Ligand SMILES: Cc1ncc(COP(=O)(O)O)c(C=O)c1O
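Form predicted on its own, single chain, as structure tokens, below.
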């Protein structure tokens, strides 16, 4: 027997989102960002579905993720980009063995690739204002790559405030990137999910959507009509009748103001339910919102089921098509990215039947 919990993955919704984003990309190619286990959705499941729908470019964090993805995407004509490049010689050898394309930004990374005998292609990362990763001297790094038989896939940068359409840094970064692009005369990639909405005129040669693929609107005030791909669900495993004045869960932080019916669901913070939802989050049961009461526990969450016709075995949705992850994230003072990537490995990911 397994615990009655699941992250259901709606591949039809994924297909809808991918096709919508492909249209939005125009003539630019699309690199699907599937790092961090496809934002918690299951990298093999998501990547295989995207490949079957025509995607031929994928982005992951590092060589470990790249090697894992290559077990699913065996077509070596498909690019698997390592967005953090390589960290050591083992990574560099893995890039060779699995036909991976590192995004590099330092002499140290190039030295590792040279030592391993890498002769594939790389992306060059440049900083345009986020002050995170970027080559100090992109033209010199590019020339050194070419001298050692390493070809250049293109130049990429990353936007800091793309989900804030009016932020002046968006225009500054786009202008800086255009100058770099013209100087280097290389294929270019700047836009993430939000950037595809905020700066569509800067699509360049490749766009890199991540969160939008999974159905969270990257710019809420400019919705695209995306559909949520994940539904995180658990079953009610027990119902308790709590009398007025009695306490629920740890630290006695919740005291029943009246007689209550409390449903215990087999999902807790060890599964990915944020503890910050304690006493203020909600979940959905048969179209009705139920309040989380007391502290979220490691393995359980308690819900006020009130007069609802709830029974043991009923399925509760913590986020999904009826309670969007972005709303839940707001209740927990976080972002949908963190909800998705916080789903524990003990929660199975299964395609929605």
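Positions refer to the first chain, counted from 1. All of these numbers come straight from a predicted model, not from anything done at the bench.
Another form, the form predicted in complex with this ligand, is not on view; read the next lines as being about it.
Of the stretches 281-289, 34-42, 324-332, 66-74, only 34-42 has residues with a heavy atom within 4.5 Å of this ligand in the model of the complex.
Contact check at 4.5 Å (heavy atoms) against this ligand in the model of the complex: all three of 125, 192 and 208 pass. Taking the partner from elsewhere, residue 98 is found to have every heavy atom lying beyond 4.5 Å of this ligand in the model of the complex. This ligand is not drawn, but in the model of the complex it has no heavy atom within 4.5 Å of residue 181. For residue 243, no non-hydrogen atom is located within 4.5 Å of this ligand in the model of the complex, even though that partner is not displayed.
Contact check for residue 158: a heavy atom falls within 4.5 Å of this ligand in the model of the complex. Of the candidates 146, 132, 140, 258, 132 is the one whose heavy atoms come within 4.5 Å of this ligand in the model of the complex; the others do not. Proximity to this ligand in the model of the complex, defined as a heavy atom within 4.5 Å, holds among 110, 174, 188, 83 only for 83.
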